[in-house]
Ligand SMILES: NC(=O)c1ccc[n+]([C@@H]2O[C@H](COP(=O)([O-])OP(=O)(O)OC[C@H]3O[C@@H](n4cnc5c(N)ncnc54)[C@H](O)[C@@H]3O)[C@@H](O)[C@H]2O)c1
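Take a look at this single chain in structure tokens; it is the form predicted alone.
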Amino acid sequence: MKKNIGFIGLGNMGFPMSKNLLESGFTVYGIDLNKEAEVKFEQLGGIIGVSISNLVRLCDTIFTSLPSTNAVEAIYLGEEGIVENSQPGTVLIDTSTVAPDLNKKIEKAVINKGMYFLAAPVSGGVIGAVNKTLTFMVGGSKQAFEGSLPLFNALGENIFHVSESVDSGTAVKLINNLLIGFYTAGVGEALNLAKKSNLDLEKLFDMLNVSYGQSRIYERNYKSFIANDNYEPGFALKLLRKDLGFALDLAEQNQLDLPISKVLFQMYEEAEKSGFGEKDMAVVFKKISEQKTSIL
């Protein structure tokens, strides 16, 4: 079983995941641009103060959890990045959600250096990361996947190897987030209609939660955010908008027109431009409640 693990990106998702690896008995080296996050990680028993070149030398598996396509590309393919400092046989696992084309680009570079690359986006949010209940949708080498199962099992409950096509897990994640986009917008509009109709939103939840209108996103968005009028992000609206854009790109590459999804993407774009991008995606409810028309 692998013992020395590297973790690049100690943010909202990466920090609890790296903490869970530590608690499972692995030696974990952490890197983040935020030095406060590194200090917190060290206080939990993690090791900090290593460069990427040293991380690759010390660890046989490296996880990344990063906020953007640009960050992922720089960490893997930059002049001081992982590939440039590669050690043959290292398994690299990216849990970020990026464009499928970048998955393929990284895999090509990694294979040329004798390493393995798994694109393993996750679902479950910060709560799932904290509680070890994440879902992993993994694309890439089945051999590398099976060898990494003890690590995945330390982080989540539902671990899926989609296929050996490295971007297959990303495709599943984008479809998942496309549905989340629909559900979130639907909850925002439906609850505003209920509010305008003078319905008690708590009673409404109790009724719809045992009806076909029930959904996990309804429960999440209402109970954790809307009911408390608190939109500190679990999953920021700007990140959902990013993933919807990737889903539309994927549809275009497959010569598929998704007209309703295009309108949905425009809704989230407008919400982000209106200053809601840093808030949790459930803030769509608040955005709708503040507008004068029925279109975001």
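Note that residue numbering begins at 1 and tracks the sequence as displayed. Predicted model, so just to flag it, every value in this text is computed and none were measured.
This protein has a second form, the form predicted together with this ligand, left out of what is shown; the following refers to that one.
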Exercise for review: Report whether the minimum heavy atom distance between residue 12 and this ligand in the predicted bound form is within 4.5 Å.
Suggested key: yes
Exercise for review: Using the partner position in the predicted bound form, report whether residue 95 sits within 4.5 Å of this ligand, counting heavy atoms only.
Suggested key: yes
Review point. Can residue 256 be called a contact residue for this ligand in the predicted bound form at 4.5 Å between heavy atoms?
Key: no
Review point. How about residue 260: is it within 4.5 Å of this ligand in the predicted bound form, going by heavy atoms?
Key: no
Practice item. Could you check which residue among 187, 144, 155, 122 gets a heavy atom within 4.5 Å of this ligand in the predicted bound form? Key: 122
Practice item. Would you mind picking the one in 251, 227, 239, 47 that has a heavy atom within 4.5 Å of this ligand in the predicted bound form? Key: 239
Review point. Can you pick the stretch from 124-132, 157-165, 189-197, 78-86 whose heavy atoms fall within 4.5 Å of this ligand in the predicted bound form?
Key: 124-132
Practice item. Determine the residues of 53-71 with a heavy atom within 4.5 Å of this ligand in the predicted bound form and present them in sequence order; the list may be empty. Key: 65, 66, 67, 71
